[in-house]
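Shown next as structure tokens: one chain only, the form predicted alone.
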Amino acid sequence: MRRLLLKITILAAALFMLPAVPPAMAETPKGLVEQLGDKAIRQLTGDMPRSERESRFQNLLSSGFDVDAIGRFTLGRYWNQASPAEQQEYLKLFEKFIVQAYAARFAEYAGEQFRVVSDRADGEVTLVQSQIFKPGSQPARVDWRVRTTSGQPKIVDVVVEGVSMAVTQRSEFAAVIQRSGGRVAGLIRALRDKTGG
């Protein structure tokens, strides 16, 4: 969990430094990443109650990320073992978990510089490559995997220095389920406790 939160901090810093782009560019994977950053700067910076920051972040998350697809992926093979009721509750708690974890990190911005480097097709997704520059450190590489469905690009994974956040989260969730006797209910209880849901 500590490694995941460190990655989230890096991503939060990256989003702060994305430049403003015309709305039409959000129709492309690269434009989506850049426009999300612009919205994050305008909507999530400054002093505000935690609940307000989380609400604003949830709106950005819903518009830019395929949260359901990411949630299903992170549950892995256990998705098909869960009942429909468990699947619905899990997805609701998963989104709440992501919102709370990400939104809290926006207060930790420390002046890193962000630059989109390139974008290229990678099978069914487009890989938007970027770098984060921090004084006194080597640039950190952050890749955004974006899938376009019905003309609408959505982020489905973020890869920090070669480590997929979705794969990392899936591994952590699987460990929780295994400690709970292989039952998704154990993960759902853990997410309820974590999110106050």
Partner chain sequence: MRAWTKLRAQATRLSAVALFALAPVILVPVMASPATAQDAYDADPLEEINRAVYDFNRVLDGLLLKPAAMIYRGVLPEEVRDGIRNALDNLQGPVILANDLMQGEFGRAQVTAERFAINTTVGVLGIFDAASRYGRPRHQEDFGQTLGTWGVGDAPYLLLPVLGPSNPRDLTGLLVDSFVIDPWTHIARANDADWFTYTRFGLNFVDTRSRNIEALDDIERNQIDPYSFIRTTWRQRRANDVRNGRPAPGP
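Residue numbers count along the first chain shown, from 1. Remember, it's a predicted structure, so these values are computed and weren't measured experimentally.
FYI, the form predicted together with the partner chain isn't displayed, but the following is about it.
Exactly one listed residue, out of 58, 43, 28, 129, brings a non-hydrogen atom to within 4.5 Å of the partner chain in the model of the complex: 129.
Judged against the partner chain in the model of the complex with a 4.5 angstroms heavy atom cut-off, the residues 102, 145 and 162 are in contact without exception. Among heavy atoms of residue 66, none comes within 4.5 Å of the partner chain in the model of the complex. For residue 176, a non-hydrogen atom is located within 4.5 Å of the partner chain in the model of the complex, even though that partner is not displayed.
Contact between residue 170 and the partner chain in the model of the complex is found at the 4.5 Å heavy atom cutoff. Residue contact check for residue 97: one or more of its heavy atoms lie within 4.5 Å of the partner chain in the model of the complex.
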